[in-house]
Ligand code: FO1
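First, one chain by itself: the form predicted on its own, in C-alpha cells.
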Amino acid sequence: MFSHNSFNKHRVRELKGRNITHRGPVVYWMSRDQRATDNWALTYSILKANELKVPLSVVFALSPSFPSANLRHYDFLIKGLAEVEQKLKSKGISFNLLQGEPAEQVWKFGERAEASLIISDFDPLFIKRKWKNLLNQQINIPHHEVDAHNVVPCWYVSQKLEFGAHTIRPKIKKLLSTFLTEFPDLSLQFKNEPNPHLTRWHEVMGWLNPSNDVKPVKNFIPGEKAAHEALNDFITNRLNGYSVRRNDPTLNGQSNLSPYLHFGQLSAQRVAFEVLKSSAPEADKQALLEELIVRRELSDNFCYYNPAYSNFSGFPDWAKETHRIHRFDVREYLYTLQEFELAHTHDPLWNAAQLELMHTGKMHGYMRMYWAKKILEWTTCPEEAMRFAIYLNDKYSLDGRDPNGYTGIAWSIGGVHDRAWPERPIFGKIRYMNFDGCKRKFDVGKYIKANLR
C-alpha cells in the first residue's frame, strides 16, 4: 500500500507555509505537467486530500496573453487538456478551467472553495514564478510546490548554477535510485459532487482567439494517449541505433517526444522506465537517458538559477568578453528578422532548417545548433541574435517557450555550458559551425530537398 510516508518528501517544498485551518478541498493548480497519470504533483495532491479527508479540485488557469503563444500552441494545449479532464472525471476528481490572469483566478477559486491547501507544479521560467509570487501575496493558506517534471527535483539536485553537464551528471546519477521509483495507483477517498458538464472547449478557443498565422501541425497529435503511442513507437522502431542515428537530420532517428514532454503530456520518468525495460543496446539507452535526464535537468538548472537565461547578461564572463572584442567585426551577410522568418537567406541549408521548423513545429536538434549559430553570424550583435532566435523558436516550435530552448540558444550564441574554442572573427571563442562541417556529417542535399518546398 502506497502511503504518505512512502512519498519522497524532497519532491515537495513549501512556497507559503501556514497552518491548515480551512476544511475545503485541496486545490492542485496544474500548469507545466498536463497529465492525469504518472504525475507526482497529482499523486501528492491525492495523498494530502486523503490525509485531510477533503475532496480534490484540479484547476488549470488559462492565460489569454501567454508570451509568443499562438494557434499552434493553444490547439495542442487545449486538445490535451480536454483529455485530462475526461481522465480526471473517471477518477472522481473535478477539473476546473479558469480563464484570465492566472494568479488572480487561482486565488479567487481558492477563496470561493475555502481551499485548505494549494499545490502547484514546479517551473523555472520567470513568468510562472511571477504568477506564484503574486498568488502567495494574496492567499492566507499554505502553498506547496512539486517538481513533477524532472526525475530529480531541480532545487534538490543542486543549489547553484551548474557549469555544465559534467558537473551536474554525477549529482543526478547519485540520486537516481532514490527518485526513479514507480508511480503508485491512488484513488481519492473523499470526492466532490460529480459535475455532469464538461468544459466547452470550442468556446474556450473562441474566447482565446489566438493568432492564426501559425497553424497547427498534423505530424504531432496532442494528448496523453498519443504521447504514450509516440513513446511506444520510438522504443519499438528507433531506440535501437539511437546513439548513432540521432545526430543525422536525414534519418528519422530522434525520439520526437519533445512536444509531449514540454506540455507535460508525457512524464520523463515514464520514458526512462520504458527505455530501461527495453531490449535495446545499452549504448542507445544511455544516449537517450543522457538527453532525457541530464541535459533536460541541466536546462532547468540554468533557467532556475540564472534570471538572465534569455539574454546576453546570462552568458558566462569569458563569452561576454569574447563578444565584446568581436562585436564590431564585419559581417558578410546581415538579415532582418523578416528575412530570417521567411527563410530568405543565401544559405539553402539554413533556409531548410527554418522551413522545417515552420512546417512541422519542430527542428532537428543538430540543425537547431547550426540554425542559431548562423543567426549570430548574420546579425549585428549577439543581443540581436538572441532576440531573433528566441522569437523564431518560441513562435514556431511546439516545444518553444521552454528551458531546453532558452538553454540551447544560449549555448549556441553565448557559450553557456561550453568552453572557449580557438578564436575566429565574429564568433570569437564561441564554438563555430559551418556548411562544410555539416556536409561531412550528413547528406546536406537530401535534407535541403526534404524541406525546401
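These numbers were taken from a predicted model, which means no experiment stands behind them. The numbering used is simple: start at 1 and walk along the sequence shown.
Absent from the display: the form predicted in complex with this ligand. The rest refers to it.
Only one segment in the set 256 to 264, 135 to 143, 340 to 348, 322 to 330 has residues whose heavy atoms sit within 4.5 Å of this ligand in the model of the complex; it is 256 to 264. By the criterion of a heavy atom within 4.5 Å, Leu71 is excluded from the residues contacting this ligand in the model of the complex.
Not displayed here, this ligand is approached by Pro403 to within 4.5 Å at the level of heavy atoms in the model of the complex. Thr37 falls outside the set of residues with a heavy atom inside 4.5 Å of this ligand in the model of the complex. At least one heavy atom of Asp123 is located within 4.5 Å of this ligand in the model of the complex. Of the candidates Leu42, Ala61, Val27, Leu392, Ala61 is the one whose heavy atoms come within 4.5 Å of this ligand in the model of the complex; the others do not. This chain appears without its partner; in the model of the complex, the one residue of Trp378, Phe315, Phe95, Trp131 with a heavy atom within 4.5 Å of this ligand is Trp131.
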